[in-house]
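First comes one chain, alone, set out as structure tokens in the form predicted on its own.
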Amino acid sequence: MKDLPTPKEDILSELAQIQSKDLKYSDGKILGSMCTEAHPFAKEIYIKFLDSNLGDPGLFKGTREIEEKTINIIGKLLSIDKAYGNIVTGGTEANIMALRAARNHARKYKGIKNGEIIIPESAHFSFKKAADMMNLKIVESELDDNYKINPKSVQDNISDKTVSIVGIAGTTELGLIDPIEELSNIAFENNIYMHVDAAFGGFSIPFLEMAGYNFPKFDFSLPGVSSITVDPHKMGLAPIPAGGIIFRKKEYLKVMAIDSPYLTVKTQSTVVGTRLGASSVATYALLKYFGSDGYSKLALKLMNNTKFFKNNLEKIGYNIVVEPELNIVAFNHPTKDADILAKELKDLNGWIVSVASCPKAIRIVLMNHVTKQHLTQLLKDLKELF
């Protein structure tokens, strides 16, 4: 028996019921996500370019031009005049591309076949995916007492098979910035590809610096840095999926290039073939719409919320794991296990927090959808549970 067409109204009704099961950013209950609701202007632009495919850029020359402009704008934020790269699905794909470039470059110019990557214990799990996909051995470097990568441990772990060193600018669990300058020096002196995962921090550190914050160098101003991941769909308010990978040199894209004979370009360097152009254009539109001044004000507001939350947690009696460098606060109850506290928060008022593992702690990400009003209620509930 054939299925008859379903009226549009019935489909919309069904989808509305299904979507009602999803949490909404606007409720302020999502407290552990580095993503947030996309800006309305970005959504408007996104729909206009929904049919553009950057996997076949000769057919969508305008959209490809916008992607190149977007990469160059982000590149200038990261201290490089001419940047190369792509807007991809997210930080995971960006990190995979970076390590693929590092592996292929080391294979071509150094003859390394079974490569190793040196990453911090605090690295995002995407590096484990990348290593698994590309037959790379992970060598984890120790963290110091402040939960940042220990450069001496990195130096000690270098071998004749090392294809890349990885540092983090805005760790997933604590929002900390590794000593990238020291890592850059090690990479440069040893002629090793260095990748910076700034998926979170890359869209806030430059703007906070414009607002008067001081941060250690983490970008292409350091000669040892080869590539940087930065995600517009996090602090940039772009629609998902919008990750970014920026390379210092075009040759890093070339060593990944695969022949694509039936498309409008001869080669393709990205992981996926068909690529949505809407993400690039929406990111470009927001970069123009906000400008550096608008993004600086946004980043500053979130840091002010971070300070407000952290200071009031301490007044209640909670233990702060580290002084926040970016808009993430990790804390613990003096005696109560983090998993238990997380469950109590959910049961009490529907708060969805994440529990960090390095070290174990409640982790709150102060994103754009988490307002001062939400934080005031959360603090009230935390005081009740103390």
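Small disclaimer: the values here were computed from a predicted structure and weren't measured. All residue numbers refer to positions in the sequence shown, first residue = 1.
One more form of this protein, predicted together with a small molecule, exists but is not displayed; see below.
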Worksheet item: Just to confirm, P151 within 4.5 Å of the small molecule in the predicted bound form by heavy atoms?
Response: no
Fill in: 4.5 angstroms heavy atom contact with the small molecule in the predicted bound form for V355
no
Discussion item. Can you tell me if D178 lies within 4.5 angstroms of the small molecule in the predicted bound form, counting non-hydrogen atoms only?
Written reply: no
Worksheet item: Can you check whether T172 is within 4.5 Å of the small molecule in the predicted bound form, heavy atom basis?
Response: yes
Response to the item:
Testing 45-53, 60-68, 343-351, 32-40 against the small molecule in the predicted bound form with a 4.5 Å heavy atom criterion leaves exactly one stretch, namely 32-40
Worksheet item: Out of K310, H124, R275, R100, which one falls within 4.5 Å of the small molecule in the predicted bound form, going by heavy atoms?
Response: H124
Response to the item:
With the partner omitted here, the residue among P239, G115, G224, G90 that in the predicted bound form has a heavy atom within 4.5 Å of the small molecule is G90
